[in-house]
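This document opens with one chain alone, in structure tokens, the form predicted alone.
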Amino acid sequence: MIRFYPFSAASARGVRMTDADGRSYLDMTGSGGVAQTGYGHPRVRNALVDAFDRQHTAMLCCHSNGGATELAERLCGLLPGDFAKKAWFGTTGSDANDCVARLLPLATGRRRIVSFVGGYHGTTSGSAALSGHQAQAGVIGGGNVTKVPYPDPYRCLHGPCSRDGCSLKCLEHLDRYAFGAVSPAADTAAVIIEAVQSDGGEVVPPANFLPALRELCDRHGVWLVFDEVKVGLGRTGRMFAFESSGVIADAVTLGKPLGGGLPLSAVVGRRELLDVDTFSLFTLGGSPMPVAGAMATLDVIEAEGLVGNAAVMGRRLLEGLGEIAGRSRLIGDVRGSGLILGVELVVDQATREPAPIDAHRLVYRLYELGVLAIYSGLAGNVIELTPPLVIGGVEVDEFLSVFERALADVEAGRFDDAKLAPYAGW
């Protein structure tokens, strides 16, 4: 299904993709946050070719391979925390979140899990049951999962409030409603959260939220698990998105960019979590080629300073978008952390009524002008930007120029809505 506009990829290099007609586009999606090192990075490419020539596949579920062992040790070394760690491999972020949903009750002896409204954790039954996104609303199940409000100061479910106040209201809801009633703390294994909520609309929680959440979980003996599938491995300007808050995770889930463009996911966390069930394994999880892609991706992120580049280019994008917002009647909020940013469009800046149709128009107009972007959010009104971490200042400035032109066209009504009819959106 083609969701947003009639683009068909034929090739890609760096931060650009080319369609079947040979037209080049600046890709501000990074293939959904997968292309961390850009397209066709020679170091990643060479690692994949070498792995293919040596041994392209192996079943980690029955015997080990040196690459998977090395990657597991490397990921455990990257995860902060003074406790024994272990890593598990799957093929997608959905697998990883499904894994923690299955193992957490077994490891803790507690049956329940708390997640957040707006969270998107995957498309398998277990990961979809954890999710609080409308794309997963058709999934029936997860009776042991309680969903609570995520702190979004622009659209707080508790009503208008300050940033710090939003955190306090959401934490009170979690403590009194969830832990105090429907998911009793003594029977809650873990809280699973995105340190920056991605498909829910690129929501950056207030700075006081995650430390207070960690303290609340510690007080009740509840583990804190971070879904880093889309926001981890450097995207926010830190290796893991949760690190900016200074807290420690009991476990993280990884996917998307991990395999260098090939299917690979991981759970990295407390040994007691991953030792509880030795049969939660995938035949192709930790196979040699995606593992080689992962090792090369981590090498490039470190050698080329892509974590720092994400922070610098993210600030440049955020500042530029903020300036555009000051001249726009459609933009209600601009937010982001590193190179995951969201531009929320509204019908009216006073009422903050979402403007999903204008978001649909804008991404289509950007496509016509040579930029690939998508929209997200619970109302489908947030322009999502997750470009490759190798993006530079020239490309950032190019995007900002095109974005302002496309936005002006939408605001002035210079767009034929008939173009949208064939596309289902998100």
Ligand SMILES: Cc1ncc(COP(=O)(O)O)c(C=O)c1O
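Numbers for residues come from their place in the sequence shown, where the first is 1. Please read these numbers as outputs of a predicted model, since none were measured by experiment.
Here the subject shifts to the form predicted in complex with this ligand, a form of this protein not shown in this document.
Of 234, 122, 261, 269, which residue is found within 4.5 angstroms of this ligand in the predicted complex when only non-hydrogen atoms are counted? None of the other options qualify; the answer is 122.
Considering non-hydrogen atoms and a 4.5 Å limit, which listed residue (229, 130, 321, 241) is close to this ligand in the predicted complex? In short, 229.
For residue 194, is any heavy atom within 4.5 Å of this ligand in the predicted complex, or not? Residue 194 belongs to the contact set for this ligand.
Close approach of residue 344 to this ligand in the predicted complex, 4.5 Å, heavy atom: Although this ligand is absent here, residue 344 would stay clear of it in the predicted complex, with no heavy atoms inside 4.5 Å.
Answer yes if any heavy atom of residue 93 is within 4.5 Å of a heavy atom of this ligand in the predicted complex; otherwise answer no. Output for residue 93 is yes: heavy atoms within 4.5 Å of this ligand.
Even though this ligand is not shown here, does residue 256 get within 4.5 Å of it in the predicted complex, heavy atoms only? Looking in the predicted complex, residue contacts with this ligand include residue 256, since a heavy atom lies within 4.5 Å.
Per-stretch contact check against this ligand in the predicted complex, the hit in 324 to 332, 150 to 158, 94 to 102, 289 to 297 (non-hydrogen atom, 4.5 angstroms): Heavy atoms within 4.5 Å of this ligand in the predicted complex occur in 94 to 102.
Suppose contact means any heavy atom within 4.5 Å; which members of 191 to 215 contact this ligand in the predicted complex? Result: 194, 198, 199.
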